[in-house]
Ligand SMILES: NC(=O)c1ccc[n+]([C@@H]2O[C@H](COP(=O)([O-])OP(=O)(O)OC[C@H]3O[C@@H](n4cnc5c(N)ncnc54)[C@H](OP(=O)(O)O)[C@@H]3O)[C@@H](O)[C@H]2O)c1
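Take a look at this one chain, the form predicted on its own, written out in structure tokens.
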């Protein structure tokens, strides 16, 4: 994998940052995307350069199709070709079936579903072999009643993962990783993870390293496409629990 080039959306924080750091361990050159987290992105960029990999950094609002497609064009122009696309950026607002709005749903679909699709089409347009990894959510198998717009948009991305795996074959493999209980939501502390351990069969919570390792596994695989790896302690097997 040394010298391969990967575009990671939403790379500045949380799962995106962990994937970027793991890629540096594999000597993968990294294109960092961010929207509002400029300081975190610059700090991560500095850290990654110290490992010896090449990095590029770009800002884009992925709710805009034009900005998303321009992001890919700028990245491609800067580094010549892109081998891996990691669709990680997402919105995660609180809403319910009772109070969600059309505008909120469309905002989630724009970032969580359509941006990965539009970027993936640009990626496929290179007409070269490559691999796409979409970040989903273990709760897509049942129902997240507290984040309905997010849930619906990730369910759509699940279907798109399978559709793109067929459409872009044989040159491009498309898979997904669906994290479970890994990080507390923004604004919550570690106690959230302890409180929610009961929601999966292993009665535990995972780590960012396990998510990044699952991504690496899929990038190294040569006979897997259209698959979802649930890194969730078995959470997806239990059905709706809250």
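Residue numbers count along the first chain shown, from 1. Treat the numbers as computed from the prediction; the structure is a model and nothing was measured.
Not pictured, yet referred to below: the form predicted in complex with the ligand.
Between the ligand and the residues 119, 89, 133, 164, the one pair within 4.5 Å by heavy atoms in the predicted complex involves 89.
Annotated contacts: 14, 61 and 179 all touch the ligand in the predicted complex [non-hydrogen atom within 4.5 angstroms]. Taking the partner from the other structure, the ligand in the predicted complex has a heavy atom within 4.5 Å of a heavy atom of residue 111.
Taking the partner from the other structure, the ligand in the predicted complex has a heavy atom within 4.5 Å of a heavy atom of residue 183. The ligand in the predicted complex comes within 4.5 Å of a heavy atom belonging to residue 37. Taking non-hydrogen atoms only, residue 72 never approaches the ligand to within 4.5 angstroms in the predicted complex. Looking at 96-104, 167-175, 122-130, 148-156, the stretch with residues near the ligand in the predicted complex, meaning non-hydrogen atoms within 4.5 angstroms, turns out to be 148-156.
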